[in-house]
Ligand code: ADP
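Presented as structure tokens, the chain that follows is alone, the form predicted alone.
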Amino acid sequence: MSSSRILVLNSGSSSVKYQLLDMRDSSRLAVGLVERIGEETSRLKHTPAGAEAREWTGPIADHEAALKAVSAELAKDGLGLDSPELAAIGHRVVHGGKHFTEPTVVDDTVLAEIERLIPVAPLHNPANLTGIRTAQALRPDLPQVAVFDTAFHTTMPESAARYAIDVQTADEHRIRRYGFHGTSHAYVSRATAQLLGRAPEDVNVIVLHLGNGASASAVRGGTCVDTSMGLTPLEGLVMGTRSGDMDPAVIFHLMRVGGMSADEIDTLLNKKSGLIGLCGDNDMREIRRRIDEGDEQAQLAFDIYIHRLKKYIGAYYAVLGRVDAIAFTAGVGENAAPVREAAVAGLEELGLAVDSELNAVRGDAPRLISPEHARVAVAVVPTDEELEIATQTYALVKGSQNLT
């Protein structure tokens, strides 16, 4: 029997997102979410392909109980974790440091390295580790594959990855720019080349992953040469609740003059800044509604968001030298036409423009929104991080086990 199924797990501190895919045609057999793990009101939502969603609410004590509940739901559809058709489980791991440059079959050494990176990813790597260890316990015979958010960005040259601080200090504490959202940037840059009918190695793309978390990347011929996030996901663009780029002396000022602790400043910059700090909302739809009603604070937040976005477009245009396409993706990038229009407005000398009618069209397929014969293509390319994780996982285990 063919082993062509990949289960993709994205384990958070109190949640597990999952998808089961058949890699023969990249179809989704089931998708689901377990949330509020550890609470009496835990919730599991499971949607099999072509069927209505099923929901269950009740206590789910830990990640092991969550995965057992997921397995039970999959079994109801004949898709249980004990199926011989399941080839591997692919895990999203946020931080892989410099060491992990590609998807990796998990062993004790890999687990130890992911654990060693917890200080630079304290919110994510512990939960990712829990998901891997839980899946290992349930299916010890099955390959567990870690796919790292940082891997796509490990091709950045040292000139882009290094901060201009003392080298010995930086090396001792592993301080450098790692970048995140790598599976999305990899998928979207490749899909953009396909949309243009060209090979990825022939295309230079600026990818704008705009969701509640937001990042930009400069991709030359399929290879990342720069990205906006750094040691952590805090650097770069203005985001839903994160500040993005900021003078680091602000931190010292808040400590000395504001009397704030390191933890308080961490919370401020990661959870109370960005759009929500500027106007009290981090939902772009609500911000646009308020702008339409004449809300000046919402307008200012939008203008700051766009200003930062334009700066990165211009910077990455300079880094690449030649740009063939700009691709908007993720929740805001895919759905907020005013953001796309404003981001390229005034950049006509760089060959950038959007067609207002094409930009207004909504859809789930990759599409061009630039005028016909534009020098630089502007595209909307829905991201698919789960498919990217599944694709990388399947390619790895297929190569090592000769799966058919």
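Please read all numbers here as calculations on a predicted model, not as lab measurements. Counting begins at 1, following the sequence as shown.
Same protein, other form: the form predicted in complex with the named molecule, not shown, and the subject of what follows.
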In contact with the named molecule in the predicted bound form (heavy atoms, 4.5 Å), from 307-315, 276-284, 262-270, 185-193, is stretch 276-284
Heavy atom within 4.5 Å of the named molecule in the predicted bound form, from candidates G97, G222, G213, G236, belongs to G213
As a check of understanding, the residue in T57, S26, T47, N335 with any heavy atom within 4.5 Å of the named molecule in the predicted bound form should be identified as N335
Checklist entry - G331 near the named molecule in the predicted bound form, any heavy atom under 4.5 Å? => result yes
